[in-house]
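Read the single chain below, which is given as structure tokens and is the form predicted alone.
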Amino acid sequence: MKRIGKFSAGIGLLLALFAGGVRAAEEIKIGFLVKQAEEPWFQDEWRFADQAAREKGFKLVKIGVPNGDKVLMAIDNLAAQHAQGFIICSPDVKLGTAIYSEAKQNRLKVMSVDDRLVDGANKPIAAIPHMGISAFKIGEQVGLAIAGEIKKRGWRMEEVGAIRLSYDQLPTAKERTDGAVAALKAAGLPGGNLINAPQAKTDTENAFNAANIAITQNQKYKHWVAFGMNDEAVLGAVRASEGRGIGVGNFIGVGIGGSKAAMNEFAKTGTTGFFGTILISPKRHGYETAANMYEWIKTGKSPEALILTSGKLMTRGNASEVRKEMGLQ
């Protein structure tokens, strides 16, 4: 009887261990690695990824990876936790080959977000699905917004000076301003009216200096517009225009990002030439990538190889509505 009892107990223990193993195998665990965990953009991405985790029923592991060593350690950490995949915005896109190799070695599925991973030849790694921002498309949205406001105000295109706050050493910045230039030219702005104003850095102070020089050297224009890689660039041009005595009614600035500084400008009434900003939403980048990874793990359906998102024009008049639509309030 004792032998039977021990046998039964052993069987029970094996069944319990087996059941526990099945439960562990069924649990889907996904990592979400970002290069600057303290930045609001990445905090929002994580927040929306958490939403996907709650709705879909998987566990999300959030890890900040500020350098290459942290990236590789995080991947090993995920493997040790029996995760099945991860999403990453790497601190250096040239780590792509190492990331892909480490993921394969640990049998982890991998997707990139925001910044696309490249190989040793600086070419995108097609085997890694990616969701990013279409810099050129967002630039076009800036140009279209400016062109629409020019038309609304009844300005003649030949009387408009267009300041391109440039930072061409950063490909994303160049693509954004190239998109704006293309849209403005298509709307009828003469090419000669485009004034290149190179920034030493991508902040408001350097944009102010660049725009101030551009305005000083081109005083023949009756009206002015400005665009650049972000809100800070355009705000620098706005401040320069104020310093040069250009009235609010003769200036249109459209930024990119939907920053707090942009919201502060919207709080002003009739005292700023900052017309609008293209708000980029972290919702798709957080929620959708996490949901896509979940489906890839659960059903084997891989995400689209390349998904490029754009933004939405936010002005003083629709700021609350657009932010709500983007899930930011």
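These numbers come from a predicted model, not from an experiment. Residue positions are given as counts along the sequence shown, with the first one as 1.
One more form of this protein exists, namely the form predicted in complex with alpha-D-fucopyranose (FCA); it is left out here, but the text below deals with it.
- Checking F42, Y287, Y294, F275 against alpha-D-fucopyranose (FCA) in the predicted bound form, a heavy atom within 4.5 Å turns up for just one residue: F42.
- Contact annotation: of the candidates C89, I128, I195, A74, the single residue with a non-hydrogen atom within 4.5 angstroms of alpha-D-fucopyranose (FCA) in the predicted bound form is C89.
- Per the 4.5 Å heavy atom criterion, alpha-D-fucopyranose (FCA) in the predicted bound form is contacted by stretch 229-237, the sole one of 212-220, 178-186, 229-237, 103-111.
- Contact check for I280: a heavy atom falls within 4.5 Å of alpha-D-fucopyranose (FCA) in the predicted bound form.
- In the predicted bound form, at least one heavy atom of D115 sits within 4.5 Å of alpha-D-fucopyranose (FCA).
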